[in-house]
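Taking the form predicted on its own, here's one chain by itself in structure tokens.
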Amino acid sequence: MSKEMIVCKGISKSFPGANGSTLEVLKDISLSINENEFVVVLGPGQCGKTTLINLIAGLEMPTSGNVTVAGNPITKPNPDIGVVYQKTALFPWLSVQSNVGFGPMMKGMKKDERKKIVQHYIDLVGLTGFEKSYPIKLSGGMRQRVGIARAYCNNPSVLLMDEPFGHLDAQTRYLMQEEVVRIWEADKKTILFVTNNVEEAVYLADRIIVLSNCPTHIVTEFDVTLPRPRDYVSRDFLSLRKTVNDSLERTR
């Protein structure tokens, strides 16, 4: 039986609005994600997907409901949860090697052990040879690889990815979609990936959760059983893409 890694029970989130009003962003969302599952949350722009990520990461608290990760209540940021955002926020004064190894260094890991683990993840994301490079010298796709390696290097049980390829050009985005699947298959983590791109969701996911506009709730789910690696232009892929897209359009 699969182990539940992320569980959200009835979570809602509201923020203060103008003139004393209240803006309800998330409304009664319940979901569960199993160990090593790759789940994509798909929703229209500005529907609260990042708010959901922040609640699971412990960066914000829900107005009601609760979140657990690996059975533990989430009340603050947790080192067992890695996050990759659209903007990688790399330290510009640190090399690739130092950026990737920052978490283990802060944990006090011995230098020799840290160097070995850092190199493993640099190799895994395809940046061998760029260990001494600085972020300013890297392309957008390469910086995202550093962000992914940095998140993996902390050995989290759960990896949250908030539209990590949203700022990349189309060609690089396709490449990074292929790469993130390759990395996930090589070093399985439980991944919750947020996007507003239907094709990306169908390419990546074991399961797609479709969200509505604000106040955001779950509209439907799709189990994606297409074999990997997936073909963007196969009949089955295009058929599922249309079905998912039709579902998303009804939420707009």
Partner chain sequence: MSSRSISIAGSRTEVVLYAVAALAGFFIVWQLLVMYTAVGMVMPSPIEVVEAMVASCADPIGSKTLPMHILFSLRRVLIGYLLAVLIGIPVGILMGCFQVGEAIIKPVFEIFRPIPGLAWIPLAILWFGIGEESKYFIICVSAAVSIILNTYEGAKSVDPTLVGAARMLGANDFQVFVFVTIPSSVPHIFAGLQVGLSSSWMAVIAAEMIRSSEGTGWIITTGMDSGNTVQILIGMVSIGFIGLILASLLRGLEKKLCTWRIQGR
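Since we're looking at a predicted model, the values are computed, not measured. Positions refer to the first chain, counted from 1.
Below, we refer to the form predicted together with the partner chain, which is not included among the displayed structures.
Of L90, L127, L159, L168, the one that lies within 4.5 Å of the partner chain in the model of the complex (heavy atoms): Contact residue from the list: L90.
The single option of L175, I117, M105, V181 touching the partner chain in the model of the complex, heavy atom within 4.5 Å: Of the candidates L175, I117, M105, V181, M105 is the one lying within 4.5 Å of the partner chain in the model of the complex.
Candidate stretches 39 to 47, 193 to 201, 208 to 216, 54 to 62 - the one whose heavy atoms come within 4.5 Å of the partner chain in the model of the complex: Going by heavy atoms within 4.5 Å, the stretch is 54 to 62.
Interface membership of M142, the partner chain in the model of the complex, 4.5 Å heavy atom rule: Answer no; every heavy atom of M142 is more than 4.5 Å from the partner chain in the model of the complex.
Partner proximity in the model of the complex: N78 to the partner chain, non-hydrogen atom cutoff 4.5 Å: Although the partner chain is absent here, N78 would touch it in the model of the complex, with heavy atoms inside 4.5 Å.
Distance check, N154 to the partner chain in the model of the complex, heavy atom within 4.5 Å: Yes.
Partner contacts in the model of the complex for 121 to 157 (non-hydrogen atom within 4.5 angstroms of the partner chain): The stretch touches the partner through Y134, I136, K137, R150, N154.
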